[in-house]
Ligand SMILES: Cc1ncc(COP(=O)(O)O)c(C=O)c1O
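Presented below, as structure tokens, is a lone chain in the form predicted alone.
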Amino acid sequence: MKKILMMIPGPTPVDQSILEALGRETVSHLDPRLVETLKETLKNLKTIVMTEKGQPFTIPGTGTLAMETALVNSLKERERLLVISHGFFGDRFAEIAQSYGFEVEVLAAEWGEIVEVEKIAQKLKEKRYAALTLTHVDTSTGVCAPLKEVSEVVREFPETLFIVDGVCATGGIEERMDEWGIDVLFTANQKALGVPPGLANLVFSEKALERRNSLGKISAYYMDVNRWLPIMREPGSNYFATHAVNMVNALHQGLKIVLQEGLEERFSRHRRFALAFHQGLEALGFKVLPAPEIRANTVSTVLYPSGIEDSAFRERLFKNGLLVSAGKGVLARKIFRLGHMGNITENEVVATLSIIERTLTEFNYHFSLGSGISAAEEVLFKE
């Protein structure tokens, strides 16, 4: 059976050492070896999001659980939430919040664009908001929000918690939690961290934990961070729920790989691979949806050239050994989504473009064979 190169916005390709960690003997969640592994995992999570005082949590679940956990521990019923939406996952914040009875207002951009920072500032001046949510990278549009600039605005409104969805960014794009005043930052295993899905990973600032305590009883049990807090502060000393032992082992190894590469080096690699893909795809006649200054370094939304039909093209890509994702929402059938994050190498970049070029030839599409690969290699191997 042909091995499929998985270049979707998550799960991303998994390093063999992470798979080996995942496959270790299952032990008790109170086993001293697992306790030490969890301690180091939580410490490394803090390092990756650049916080000293933040409190990390890793909870069995995925990114959507992290979104819900962030919200339910930050607001009371009927409190006002401002959602900055750059696509499908920004809108999901609003859906979750409405299910808890929060008063939700949404500032949304056209898909492929961003909400101007000035509009966010003006909105915050108009009303008092208990929290503001921002998706750092929305995988539906390939847009990267100006996180630092937004944080500078939110800091002027200390009554507003700043909640950041880092699911498609953490570990691949810079996030300075303490320096930028982020109150809740969360991610999941399967994106830029390069680990199989299964854990929701969050970091709460001291301010965010104080907010949680001010809420009293909340409409959650499993997602109540106060129930997880004793375990996260002193693993092995308390029991709340059985942890996903093998997933902790996998995340531990995944975070080690991130830190061994070095954060700045990893951020730079993601920038380089994104640019290589963008130049390679554009040389073939595709277009990348967002403007260059707001394109994500972890995922690209790729508009088809004239004459290429979405489902037929993606199906042929898969037969040729490459899996990409379909467009969501208003972008369905107009784009494919290409993930380029985690622990991929230059080999995956070149192989992906090679399969795309081969597939284009099967559609009688006129282009210069090798032009996409050549454009990408000018970026990848430039001294």
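Keep in mind that this is a model prediction, so the values were computed, not measured. Start at 1 with the first residue shown and count on from there.
Form predicted together with the named molecule: not shown, discussed below.
Colleague: So, in the predicted complex, is Arg295 in contact with the named molecule at a 4.5 angstroms heavy atom limit?
Modeller: Heavy-atom contact with the named molecule at 4.5 Å: absent for Arg295.
Colleague: Phe89: heavy atom within 4.5 Å of the named molecule in the predicted complex?
Modeller: Contact with the named molecule, yes.
Colleague: Using the partner position in the predicted complex, report whether Asn320 sits within 4.5 Å of the named molecule, counting heavy atoms only.
Modeller: Asn320: no, not in contact with the named molecule in the predicted complex.
Colleague: Do Ser354 and the named molecule share at least one heavy atom pair within 4.5 Å in the predicted complex?
Modeller: Taking the distances in the predicted complex, the answer for Ser354 is no, it never comes within 4.5 Å of the named molecule.
Colleague: The chain here is shown without the named molecule. Which stretch in 270-278, 250-258, 213-221, 133-141 comes within 4.5 angstroms of it in the predicted complex, by heavy atom distance?
Modeller: Of the options, only 133-141 has residues within 4.5 Å of the partner.
Colleague: Though the named molecule is not shown, can you say which of Leu81, Val167, Leu202, Leu161 has a heavy atom within 4.5 Å of it in the predicted complex?
Modeller: Exactly one listed residue reaches within 4.5 Å, namely Val167.
Colleague: Since exactly one of Ala188, Ala97, Val184, Val154 fits, which has a heavy atom within 4.5 Å of the named molecule in the predicted complex?
Modeller: Only one listed residue qualifies here, and that residue is Ala188.
Colleague: Which residues within 336-370 place at least one heavy atom within 4.5 Å of the named molecule in the predicted complex?
Modeller: None of them.
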